[in-house]
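In the structure tokens that follow, the same protein chain appears in two forms, which are kept apart as structure 1 and structure 2.
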Structure 1
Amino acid sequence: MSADATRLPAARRGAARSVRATAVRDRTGRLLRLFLPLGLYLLFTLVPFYWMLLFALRPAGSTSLLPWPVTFEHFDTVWNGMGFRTYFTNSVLIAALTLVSVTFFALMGGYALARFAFRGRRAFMLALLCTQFVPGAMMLIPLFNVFQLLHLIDTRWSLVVAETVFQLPLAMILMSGFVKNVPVELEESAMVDGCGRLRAFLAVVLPLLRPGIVAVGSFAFIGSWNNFLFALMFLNDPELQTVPVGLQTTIGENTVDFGALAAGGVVAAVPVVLVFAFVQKYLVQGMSAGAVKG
């Protein structure tokens, strides 16, 4: 065997090793470029939650970086001693009523926007979109005057109405996107078979809008649950206050009860986390529908 014949396989093996090494370096580079920023962002996001749990679960005065020994004295303080039981009940009632109100009106408005070609529809859609640029603080004085005339100040209905007014434009835009995804031929077939428009909507369209209803309802619930400004302005009775305002009671004039504040934060975060955990896919669909439809 000649010397050229023995060098050729060795050269091929060297070239193959070089190709594999290059592929490994490229794959490692892609993974680092993708996962390193995501890992840093995840760390940046989770550290505040860990810090909140740490203060909520470790004993008062402890400087440990681990929640050990675990204590629930802060939760007992905020739940039974600071009235969070009442705040939590009020927040659940107001958020649930807002969810029902926003979903109902969004269904009617979104269906009309998607199915009826009336004059000025585009301008109306643009007006709905423009309302999202108005900060909630600018609506405080007009809403306060209206609620005062209607004797709604210091009632839970003031928050339900204010939240519905504030959230309905975006909810209608989202719902109209979901309605457009339902083929109109299904309704027409039902109407040919003898259904009226209302019955065709209830029997054919409404079941297919379940993802949209879940998404809009979830946005409404979370928005109402987290609202602090309206509850602070429209409710004066401590028995009617909500969780975001109740968190303020843990902050004194000169001192802050960090354990109670962190425990209250955990109580406030639990419903929102549960909603996101169970309806996450519907929320993504809702945001996508609102982004490409209209």
Structure 2
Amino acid sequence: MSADATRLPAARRGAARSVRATAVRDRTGRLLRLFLPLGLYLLFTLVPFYWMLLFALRPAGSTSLLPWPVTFEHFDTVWNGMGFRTYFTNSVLIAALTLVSVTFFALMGGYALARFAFRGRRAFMLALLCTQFVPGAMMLIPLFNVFQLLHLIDTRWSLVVAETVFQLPLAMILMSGFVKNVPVELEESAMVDGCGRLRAFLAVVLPLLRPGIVAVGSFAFIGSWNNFLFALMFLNDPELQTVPVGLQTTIGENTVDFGALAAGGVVAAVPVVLVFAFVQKYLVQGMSAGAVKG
């Protein structure tokens, strides 16, 4: 304690102590109210991931709660032995093309829904929403027949087209919301300055839609990456199969290779985690866009 402090009057020393005590109480309260529940929630969320990593990295038969000694034998098994190298490449190709396709058509459709007043627009949007009530399984056979006529069965295109068709309605609705949040005056100003509608869209609106594009594109990528049903039904050639179907083959009726299943799970999760890690900033912007009108 400094000499100045000892010379403070007793009342002021008491007030200072009270302020410090209040600060400590606030910190403790904040810790208990905010960080403790959040920490518990984080633990709850991360335990399954830890469990997956544990099974993927520890030797078969080990009951250790720590992945030690570390082994990569399960990754070798799934990547080289079970064909995940091929499945991964296929999934990346299909998800990337779906992303491009969904984003492109959602931009076009979303812009039209947001900017053009046409007869039946509300009914059209309602119809788009209603398509979300139709489960994929119900559409399997009609899609199968159409793809067969188009010779798309057993090609990766079948998944790209099916995924695009299924994801587009929601993506268009989302995108129209993002477009609505871009002031129409900006486009009008660009057009007054000599831009055509397309140029005004590309030069003025598109850059402002970046959070929306990232949000819609990410959902398209993840949705396509995780799709199991269409891949199972439309693809037969093992050389064309995707990661979710490959994962399923690690589970036999009576035999489960937990190490391979966990390693396959890690392989399947990595792109999703990477996508969210890189785009989370845009996602948050995209999600909150238009939340507050000013």
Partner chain sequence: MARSLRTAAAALAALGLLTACGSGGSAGDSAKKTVITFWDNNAGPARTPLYQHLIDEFEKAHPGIEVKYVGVTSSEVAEKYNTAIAAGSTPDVGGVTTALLASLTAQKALVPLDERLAGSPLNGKLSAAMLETSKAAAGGKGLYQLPSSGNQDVIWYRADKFEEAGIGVPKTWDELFAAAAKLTDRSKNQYGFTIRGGAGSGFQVLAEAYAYSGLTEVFDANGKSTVDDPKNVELIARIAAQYKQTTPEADVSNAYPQMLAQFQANQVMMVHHNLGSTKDVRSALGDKAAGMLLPAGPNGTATLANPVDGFGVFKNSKHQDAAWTFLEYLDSHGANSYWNENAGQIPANTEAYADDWYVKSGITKRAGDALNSGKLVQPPVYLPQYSKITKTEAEPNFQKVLLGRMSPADFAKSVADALTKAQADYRAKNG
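As the structure is a computational prediction, the values presented were derived from the model and not from experiment. Please note that residue numbering is based on structure 1, beginning with 1 at the start of its sequence. We call the rigid core the largest set of C-alpha positions that still match within 1.5 Å between the two forms.
Legend: structure 1 corresponds to the form predicted on its own, while structure 2 does not.
For Phe228, the Cα coordinates differ by under 2 angstroms between the two structures after the core has been superposed.
Comparing the forms between the two structures on their rigid core, the Cα displacement of Asp26 reaches 2 Å or more. With the core superposed, Ala16 shows a C-alpha displacement of at least 2 Å between the two structures.
Once the rigid core is matched between the two structures, the CA atom of Gly39 is found 5.0 Å away.
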